[in-house]
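What follows is one chain in structure tokens, specifically the form predicted alone.
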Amino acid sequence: MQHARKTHSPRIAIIGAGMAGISCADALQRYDLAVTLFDKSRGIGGRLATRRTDGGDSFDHGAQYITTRSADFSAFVDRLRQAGAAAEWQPRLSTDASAHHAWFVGTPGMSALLKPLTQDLDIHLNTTVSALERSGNGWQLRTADGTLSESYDVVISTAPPVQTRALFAVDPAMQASLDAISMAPCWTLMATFTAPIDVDFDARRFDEGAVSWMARQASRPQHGGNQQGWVVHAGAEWSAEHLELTPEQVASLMQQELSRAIGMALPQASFVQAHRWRYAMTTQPLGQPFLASADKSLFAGGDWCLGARVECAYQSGAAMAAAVAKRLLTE
């Protein structure tokens, strides 16, 4: 049966401007649907993050690379590569490691990966959405400063499950599903040293101990910056044990753990900073691409729906866009 298209122009709000949120918005725009994004951070990308220092150093301190497994995500990454926002990264790996899939990174940093998709998007940064309020058949967003938005037909949250649960307190069924999801934290060390670390690799994954990963930033395509800059990730267990320490405390401890992991003393550091990712990696996913309320006015998604890879976030965003378009354009 053919359905009539809505005569008014529906409005959609997306909370979160990471891979899931922006890929969802990008797809919805191709359906000629009006989308507004809100993000509490000062930039887009979420964990596709780059930190730049006053001294000119640059650190990709969140997601380290992306891989492609599906045809649709491969096409998506090709689109970013053609726009000059992504390139293949081929670091020297430790002798006991190999890359099973090509690694792609943002150029000149991970935070640039999604920028080609945002040129025509309405994005409100530095905006924390704290609650939703019913407005007729739609929803208004209340921000942390008390401001109430206009009404939206559909609200999509791509925030981590704990934060989405708080926003969607109006829907007990969605909350129960969100409670079943688990995510692990990660402390990240960004450090620039005054002399080279004497190792024969650019990137290494550690299977045990406090340190789980280290990567030389200058090995990344178009990255620039200091040749002695490194990003180090702590393992999930160590990060959880030290979750509430200050960044200064963690920076000191992680340098000690890094020295222990590579079996040598570290050169003096000219820059050191730690960053906490409280919700870094999915350990127990939802098991489906997204959640939706019974009336399909609320949607929730992200990498936590399907797994720990960036591609999972893209797949969730694309699936939500298709479901939202089906609801709004065929009702």
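Since this is a predicted model, take the numbers as computed values, not measurements. Numbering starts at 1 and follows the sequence shown.
This protein has a second form, the form predicted together with a small molecule, left out of what is shown; the following refers to that one.
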Quiz prompt | The single option of Leu48, Ala27, Leu291, Leu306 touching the small molecule in the predicted bound form, heavy atom within 4.5 Å | solution = Leu48
Self-check item: Joint contact, Ala17, Phe38 and Ala280 to the small molecule in the predicted bound form, by non-hydrogen atom at 4.5 Å
Solution: yes
Quiz item: Would Pro160 count as a contact of the small molecule in the predicted bound form, using a 4.5 angstroms cut-off between non-hydrogen atoms?
Solution: yes
Self-check item: Heavy atom of Tyr65 within 4.5 Å of the small molecule in the predicted bound form
Solution: yes
Quiz item: Closest heavy atom of Ser252 to the small molecule in the predicted bound form, within 4.5 Å or not?
Solution: no
Exercise. Flag Thr127 as yes or no: does it have a non-hydrogen atom within 4.5 angstroms of any non-hydrogen atom of the small molecule in the predicted bound form?
Key: yes
Exercise. Please determine, with the chain shown alone, which of 27-35, 272-280, 291-299, 259-267 has non-hydrogen atoms within 4.5 Å of the small molecule in the predicted bound form.
Key: 272-280
